[in-house]
Ligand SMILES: CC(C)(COP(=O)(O)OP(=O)(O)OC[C@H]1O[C@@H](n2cnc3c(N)ncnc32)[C@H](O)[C@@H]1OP(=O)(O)O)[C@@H](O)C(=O)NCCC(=O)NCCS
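Read the single chain below, which is given as structure tokens and is the form predicted on its own.
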């Protein structure tokens, strides 16, 4: 039992330490978090409230956007009419919408007000601000049908919302908008959330999926997407929340929102796992790829050390001092993923012989099997060719087959350029592998 407790404690400490960079990065940032009315009907909705409380305690500025579709449909006597996914809202239906919005809003505010001891909300004292922050206009006629009191967002009251966020309050937006003429319009939560995130220049927009998960038509998890990849994926996806939210996610990214996350509701703590771990549990959409393979700079030395140290300890890589890395950092390429160095490789040219040594090829353990080693190898080969070099060699004790599968052949220490041959470690007895480079 003691050993089990120690193991669990170690895992917690490791996770908490790994989350530290995100905690620093997220403090003072604005996140828009959207969830449908179905989320309120789930028994575990209180767990999402706990996670919202934690984000608020960490200094994240939160704007919550809720939906009310199931609550409205429960109140309607007649079946709702939809046109291109938008509800036709007549005067009677609008009353039901207002009634549902008021009820749901009060329920959310009451849950965020809980401060009972022995709960994650103990001592929270969260203040929630809601009001007429969304100006709307009629959606008009669609496919020959007048949508009546169904509207679309015209403007978000940015300054008042920022004032409330700066005061440490959570802003709660409902799917209702108000016109300058005093009319009320029924809106979709996805449009309110997207337009709010764009107007507030939010760092993140998060959609909680009520139905389905972040998988493609073949059941494969979709981890990352760029906005440009969304249209193709939409043609393949079945109907569901993933298909509903993706166009809004792409629009938000194109309009300047830092990142958009789509998260399934069935995993306990999914919001925290998506935001505070590199792998995440949902789908992250960005305007451009968050992974960047580039030449290293002096600021990357710490990241390079974190990648190669475990391999040095195992004896796979020759140990390099930090001072040496700082001196040779211009020889390195790094693979940066979401601000973290997850891979590296070095290129040491011997121009007089037309050859170059590739060294220190490493990928952090949790990011292997994703093609990153091949990408680093390709970067080195391209750089060598640009320098007019025609041969690449590598010394290894453990990964001979990996290099042979990629076009290298076994050589001998005698095949090395003279300056490198003099430094060959006969005690280590590394295998020499050589590859001829062609444009």
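Residue numbers count along the first chain shown, from 1. We call the rigid core the largest set of C-alpha positions that still match within 1.5 Å between the two forms. Nothing here was measured: the structure is a model prediction, and the numbers come from that model.
The form predicted together with the ligand is left out here; the points below concern that form.
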Worksheet item: So in the predicted complex, does any heavy atom of residue 391 sit within 4.5 Å of the ligand?
Response: no
Worksheet item: If you check in the predicted complex, is residue 18 within 4.5 Å of the ligand, heavy atoms only?
Response: no
Discussion item. Residue-level contact is defined here as any heavy atom of the residue lying within 4.5 Å of the ligand in the predicted complex; does residue 371 satisfy this criterion?
Written reply: yes
Worksheet item: Is there any non-hydrogen atom of residue 35 lying within 4.5 Å of the ligand in the predicted complex?
Response: no
Worksheet, complete the sentence: Heavy atom within 4.5 Å of the ligand in the predicted complex, from candidates 145, 227, 311, 94, belongs to 311
Practice prompt. Scan 362, 325, 170, 136 and let me know which has any heavy atom within 4.5 Å of the ligand in the predicted complex.
Written response: 362
Worksheet item: Among 410 to 418, 40 to 48, 60 to 68, 22 to 30, which stretch sits within 4.5 Å of the ligand in the predicted complex, heavy atoms only?
Response: 22 to 30
Discussion item. Could you pull out the residues of 395 to 417 that have any heavy atom within 4.5 Å of the ligand in the predicted complex?
Written reply: 395, 396, 398, 399, 401, 402, 403, 405, 406
Discussion item. Once you overlay the rigid core, does the Cα of residue 312 travel 2 Å or further between this form and the one not shown?
Written reply: yes
Discussion item. Superposing on the rigid core, I want to see if residue 378 changes position between this form and the one not shown - specifically a Cα shift of 2 Å or more.
Written reply: yes
Item to complete: Using a rigid core alignment, state whether the CA of residue 404 is displaced by 2 Å or more between this form and the one not shown.
Response: yes
Worksheet item: Given a CA distance change of at least 3 Å, are residue 220 and residue 375 closer or farther in the predicted complex?
Response: closer
Worksheet item: So the C-alpha spacing of residue 369 and residue 272 changes by 3 Å or more in the predicted complex; is that change toward closer or farther than shown?
Response: closer
